[in-house]
Ligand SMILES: NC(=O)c1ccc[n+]([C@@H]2O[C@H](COP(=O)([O-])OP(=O)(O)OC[C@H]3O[C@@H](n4cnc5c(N)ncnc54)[C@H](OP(=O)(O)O)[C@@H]3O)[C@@H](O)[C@H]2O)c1
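Shown here is one chain on its own, the form predicted alone, set out as structure tokens.
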Amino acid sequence: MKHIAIVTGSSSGVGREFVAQLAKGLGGPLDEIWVIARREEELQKLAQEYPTPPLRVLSLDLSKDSSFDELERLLVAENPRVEWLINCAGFGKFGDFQSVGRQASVAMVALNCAGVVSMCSVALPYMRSGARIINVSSIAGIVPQPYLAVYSASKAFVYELSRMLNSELKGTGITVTALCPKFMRTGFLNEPGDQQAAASMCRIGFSEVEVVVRKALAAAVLGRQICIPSIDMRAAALAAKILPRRMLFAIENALFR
């Protein structure tokens, strides 16, 4: 039986870094890594960069149901053992709710929420004790942030889904980790939509992608339910639990204005 990892959003950013570290053996021995993203050209470059273990290139748009049907057919045909499922695919757009617009907002929910649900549903039948799921949430999923209303809500969904799914899987040996980083220097900020809001949000600083991924893999191996890689964001998450929401939002609005 073939032992594989599946990484979505692997053509760039944090997904690409997960592939790099898995290829170097940080997640244990693998026979193949299935890399999923829309941009086939970038996936092919990635496959050439990391030839061992071989990368299976799957150019799929995870905002479409047909992509999950195709993935499911492939899993049925090959019947591999999925050791890692890492859900990185997603996007966000800066700006107030009205300026972001209906189309972008609905697309965010479709990819960030429904995409993660579908991937977990498709992959779980092929996972056994010792398998790990990492769902990339965000600190915005714990501490909702101004000018990222829909994105924050979508990441809160991923955060809560991960926690509940981890609870349901207790006793199976399969664990689910919600990864909640702050900003990283990835393609997320390439088209922020609202430059002023993006500049304000970036006052909280950046985490290094390599460090975030390394900590996430270590946390998943240890079976941790939540991974918040940076100390300052752990403090922010604690404050979000303690402070009244009105006070928390007032602080955030003052900070990010």
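Numbers follow the displayed sequence, beginning with 1. Since the model is a prediction, treat every value here as computed from it, not as a measurement.
There is also a form predicted in complex with the ligand; it is not shown, and the following applies to it.
Colleague: Given that the partner is absent here, does Gln21 sit within 4.5 Å of the ligand in the model of the complex, heavy atoms only?
Modeller: Because no heavy atom of Gln21 falls inside 4.5 Å of the ligand in the model of the complex, the answer is no.
Colleague: Answer yes if any heavy atom of Ser138 is within 4.5 Å of a heavy atom of the ligand in the model of the complex; otherwise answer no.
Modeller: Heavy-atom contact with the ligand at 4.5 Å: present for Ser138.
Colleague: Contact with the ligand in the model of the complex for Phe157, defined as at least one heavy atom pair within 4.5 Å: yes or no?
Modeller: No, Phe157 stays farther than 4.5 Å from the ligand in the model of the complex.
Colleague: Is Ala220 close enough to touch the ligand in the model of the complex, meaning at least one heavy atom pair within 4.5 Å?
Modeller: Contact with the ligand, no.
Colleague: Pick from 220-228, 45-53, 25-33, 62-70: which stretch has non-hydrogen atoms within 4.5 Å of the ligand in the model of the complex?
Modeller: It is 62-70 that comes within 4.5 Å of the partner.
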